[in-house]
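Have a look below at one chain only, the form predicted alone, in structure tokens format.
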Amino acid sequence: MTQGEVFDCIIVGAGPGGLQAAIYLGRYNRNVLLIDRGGGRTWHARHIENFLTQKVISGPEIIRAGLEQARHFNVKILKGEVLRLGKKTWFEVGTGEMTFLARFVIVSSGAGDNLPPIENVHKFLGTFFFTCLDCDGYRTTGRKLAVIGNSLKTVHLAFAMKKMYTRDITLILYFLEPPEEYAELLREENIPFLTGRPARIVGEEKIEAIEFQDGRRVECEMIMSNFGYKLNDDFLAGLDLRRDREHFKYVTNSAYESSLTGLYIVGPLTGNDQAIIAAGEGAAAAIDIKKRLLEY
């Protein structure tokens, strides 16, 4: 990398979307820089079972293999955190005191789970404590499950988990009292529910129970948490990008280009938080950039 070098594309984030885009653009013999701070949501995934051809694979395995594959196609990889992103003649991507220039940018910076402040959460995260129905719901099949959260979405999640995975469910809401029509449906579905703040998860090798601040205990083998997630998008704050109705996710076209020409956004910032979907989005963005670069 040289001072003033203009990359064909800078990719922010080495998740499945960013890595897939890097591999495609590298195979087009383009000058690509991938910047990754490490420790993303995929990195913490212990068991990915819904990725084509992989009976089970961990997030770290996907990332390590993806980085190796990207390097094979001469993608430059930099460990660092992107703190700012702007556009003048070129896109300007800043990491600390360094600024890199690019014709196009793909953002694949992902999201972080909102984890409740419960003792031992990290001990069981990804093995017996889950945050995503699509990712890990299957692993609760036939098990004694606690669904925790504090919204009507949490109630709907409990219904969905019972329909698909297990009949043995306890719903725990922090302080939300479900409306009577929901309470009646819960009773009809034989889903016990209670309110209160869990203090810690009890168990050594496996989860045995949730213990509340007031001393109550709910026996369970697994926990599905429903507190949402935060987008890793602070560095986009200075850009006036189009967002959805909730002003949460970013709106893109069919090739994942945002409302700012040349800036593409893939992964949970714009759609589903699934590794295989993000990879497809990264490929689509890279193919579109390939076509655009041929116009230079």
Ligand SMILES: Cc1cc2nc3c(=O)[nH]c(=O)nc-3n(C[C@H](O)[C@H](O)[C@H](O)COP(=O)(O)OP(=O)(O)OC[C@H]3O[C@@H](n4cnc5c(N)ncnc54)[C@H](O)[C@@H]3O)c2cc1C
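Quick note: we count residues from 1 along the sequence shown, nothing fancier. Predicted, not measured: the structure shown is a model, and the values here were computed from it.
Keep in mind that the form predicted in complex with the named molecule is not shown, yet the notes after this line are about it.
At the 4.5 Å threshold, heavy atoms of E92 stay clear of the named molecule in the predicted bound form, well away from it. Although the partner is absent here, R27 sits far enough away that none of its heavy atoms falls within 4.5 Å of the named molecule in the predicted bound form. The named molecule is not drawn, but in the predicted bound form it has a heavy atom within 4.5 Å of H44. The named molecule is not shown here, and in the predicted bound form it never comes within 4.5 Å of any heavy atom of E119. Using a 4.5 Å heavy atom cutoff, none of I23, E61 and G280 lies near the named molecule in the predicted bound form. Of the listed positions (M222, C135, L157, V75), a single one reaches within 4.5 angstroms of the named molecule by any non-hydrogen atom in the predicted bound form, namely C135.
The partner is not drawn, yet in the predicted bound form one stretch among 33 to 41, 64 to 72, 238 to 246, 251 to 259 has residues with heavy atoms inside 4.5 Å of the named molecule: 33 to 41.
Scanning 272 to 288 for heavy atoms within 4.5 Å of the named molecule in the predicted bound form gives D273, Q274, A275, I276, A278 in sequence order.
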